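A single chain, nothing else alongside it, follows as structure tokens in the form predicted on its own.
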């Protein structure tokens, strides 16, 4: 039995209330709050990026479990900051991991966190003494004054994968669907992604039904054996669309009200790409409802496109290992920004190049981006964080 023993959430220093964006755009706030299912979005300080998010998410796991059994660090992101060097190598140093820990960055849009989990399961199956640290971290960035702007966000989720897991035992069977689709991508010379919103929704739903059919063909459980589902949430209403599609496809009566506990964190984070599904899982497990022994379906989607349905059973005593208070504090302690400040931060991040520069301290997170020297990015700990 292999699975997830610990989950930890991190996000940016700032938060924007989407009601401000709606007012500036002349949009009914309900279009964001109800239509998209989003209330807020995290905004990074100038000295934050995907490296600092990933390290901040992973730090509590290292502090709780130590590093003696960790042999692999896998960082999944589509917000990488270098074309060659892994985000994970910087994270490795910031966390003080031993040199005997292999480190790799994984990329396939929002799906890569699930690829990291699957790789971790295989590593632990080979040697059950080992633990694998998987971190999904991303910054969702779009151009201002576009339809995608209110679905921006930032976040990271770190997972500890090991034998005899404390939180969720992952079932051996999964369902996979891959198709070449140009629904969302970011060319190398673009700071923001290119999106075909309508196509992306349909590609997501096609991947869901395709992954379900493959799951059943591989001998997976029937729909009646699932108590809950978590879905990748580029915006939280997408989970509702997916649930309805799966109900229609399987002929099952699936209760949409059961999705609400999976959306609470993502409603406040905004889109966090690779971290989104795992933030939904953290949100569900942190809910007061006892899920002991229940089977959960986890659908991961990454544009381009890859989808996978992973399933798992909640372990006895899981509530003793949760971080519900810490996860809420991460969200509650963000510093609000007004629209003008958000726009200035957005413009500055898009203009930042690889020339040498220093970045003043702004974040209160444990780690920060300090600037560039000789074309190399520098990261450091934050005193007192």
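In this text the structure is predicted, and so the values were computed from the model without any measurement. Positions refer to the first chain, counted from 1.
Another form, the form predicted together with ligand CAA, is not on view; read the next lines as being about it.
Does ligand CAA come within 4.5 Å of any heavy atom of residue 36 in the predicted bound form?
Although ligand CAA is absent here, residue 36 would touch it in the predicted bound form, with heavy atoms inside 4.5 Å.
Do residue 237 and ligand CAA share at least one heavy atom pair within 4.5 Å in the predicted bound form?
Residue 237: contacts ligand CAA in the predicted bound form.
Can you tell me if residue 204 lies within 4.5 angstroms of ligand CAA in the predicted bound form, counting non-hydrogen atoms only?
Judged by the heavy-atom cut-off of 4.5 Å, residue 204 is in contact with ligand CAA in the predicted bound form.
Please tell me whether any heavy atom belonging to residue 200 falls inside 4.5 Å of a heavy atom of ligand CAA, as the geometry stands in the predicted bound form.
Judged by the heavy-atom cut-off of 4.5 Å, residue 200 is in contact with ligand CAA in the predicted bound form.
Check each of 186, 216, 241, 295 and return the one that places a heavy atom within 4.5 angstroms of ligand CAA in the predicted bound form.
Selected residue: 241.
Only one of 338, 332, 28, 325 gets a heavy atom within 4.5 Å of ligand CAA in the predicted bound form. Which one?
The option sitting close enough to the partner is 28.
Could you tell me which stretch in 250-258, 129-137, 172-180, 268-276 has residues with non-hydrogen atoms within 4.5 Å of ligand CAA in the predicted bound form?
Partner-contacting stretch among the options: 268-276.
Every residue in 141, 192 and 342 with a non-hydrogen atom within 4.5 Å of ligand CAA in the predicted bound form?
No, because 141, 192 and 342 lack any heavy atom that approaches ligand CAA to within 4.5 Å in the predicted bound form.
Which residues from 286-322 come close to ligand CAA in the predicted bound form, meaning a heavy atom within 4.5 Å?
Residues within 4.5 Å: 301, 303.
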